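One chain follows as structure tokens, the form predicted on its own.
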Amino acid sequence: MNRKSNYWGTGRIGKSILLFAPMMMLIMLMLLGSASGGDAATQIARLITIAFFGAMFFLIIYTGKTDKWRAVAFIVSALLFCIAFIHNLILERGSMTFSNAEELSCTIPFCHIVTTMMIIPAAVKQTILFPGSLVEGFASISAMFVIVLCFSIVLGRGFCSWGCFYGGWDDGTSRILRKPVIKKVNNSYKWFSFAMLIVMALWSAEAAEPTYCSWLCPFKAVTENERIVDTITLIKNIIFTLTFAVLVVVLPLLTKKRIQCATFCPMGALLSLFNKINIFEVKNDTSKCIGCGKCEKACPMLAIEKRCPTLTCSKCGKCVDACPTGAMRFHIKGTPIDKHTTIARTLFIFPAYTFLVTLCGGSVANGLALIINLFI
């Protein structure tokens, strides 16, 4: 057993199975209990999804590599979410675009990023800006708001690496090349997302519309967007396509950093503030640190400075996987840094992975069913 396996207490099949069993039961309850029946493709897809999420969790526990296997589940979830989401839109309205009439009818699924633009109008004007249903239908405002609030309190910015429907896109493109073409990205760029948060919140309150979603969101290119009916909607769709291409594909590919999530997304900035109040964090045990800098080089979120994770850490675990001495580790605030390290990691992974399966499991199964149907 290698040095790192001894540190994590991994590589032991019996212990891994004991930790895996309750999570597997949760996965089965979430993916089998919420839906039954369906055609052959649906049933096959559901079983594959259960096996997939179960396998990824077991590998996280058994190998001690958090980010390596989290990323597989996260990236696959983001891709299949978009496939399932677009399919649902086409079934309901015949297109992945929406018209003014559909916008006025408040039938648009609520996106969690809109939370950043709801706070000021909701508090000051008692107004909800997003044209969606408050309590009814798929992704209602109230349901999504409760999910985001619970996730934020429990995991903070961990949402960006364990729950966001879109985060798997730039997480995936940042891993395509083995080495970065642009070798140095200034860590201070991460603070631009906080500027985006402030500007979008104020602009939305003044304009009485979710301006980030209306004008800048890259993921409009792979989910839903306004139907092109005039010059303004044409310009908007061009912006969506360009921001997706540059921030989600090209720059992550060249830098091996999650540029969209780290520097542009206002939701990420808001969630960073919740890192202050939740109990989980990634921390460096300076007594074990040898100053190699591998953690900062590995961090995709520009969140490590002087070998210490900062406010914007998304708890992906990549720095933990990269650390050769086990100095970088998951930690529960208020506990000694050099004790109960395996317990702290396990206590974090269970709720984080549960949220991932809860938010994305159904979409993964639906997306797989669509793919299977192409063949059968």
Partner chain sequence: MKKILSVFAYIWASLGTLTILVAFIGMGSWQQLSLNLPFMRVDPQYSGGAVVDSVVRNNLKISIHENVFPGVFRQSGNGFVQIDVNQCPADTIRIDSLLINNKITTISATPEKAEADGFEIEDFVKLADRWIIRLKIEK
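Residue numbers count along the first chain shown, from 1. All of these numbers come straight from a predicted model, not from anything done at the bench.
The form predicted together with the partner chain is left out here; the points below concern that form.
Although the partner is absent here, Glu305 is not a contact residue: none of its heavy atoms lies within 4.5 angstroms of the partner chain in the predicted complex. The closest heavy atom approach of Asp230 to the partner chain in the predicted complex falls outside 4.5 Å. Heavy atoms of Asp285 never reach within 4.5 Å of the partner chain in the predicted complex, leaving it off the interface. Looking at Phe355, you'd find a heavy atom of it within 4.5 angstroms of the partner chain in the predicted complex. For the candidate set Ala143, Leu254, Val246, Met96, a heavy atom within 4.5 Å of the partner chain in the predicted complex is found for exactly one residue, namely Ala143. Proximity to the partner chain in the predicted complex holds for none of Trp69, Ile198 and Glu296, with the criterion being a heavy atom within 4.5 Å. Here the chain stands alone, but in the predicted complex its contact with the partner chain, taken as any heavy atom within 4.5 Å, falls in 204-212 among 187-195, 164-172, 218-226, 204-212. Contact annotation for 322-342: residues with any non-hydrogen atom within 4.5 angstroms of the partner chain in the predicted complex are Ile332, Lys333, Gly334, Thr335, Pro336, Lys339, His340, listed in sequence order.
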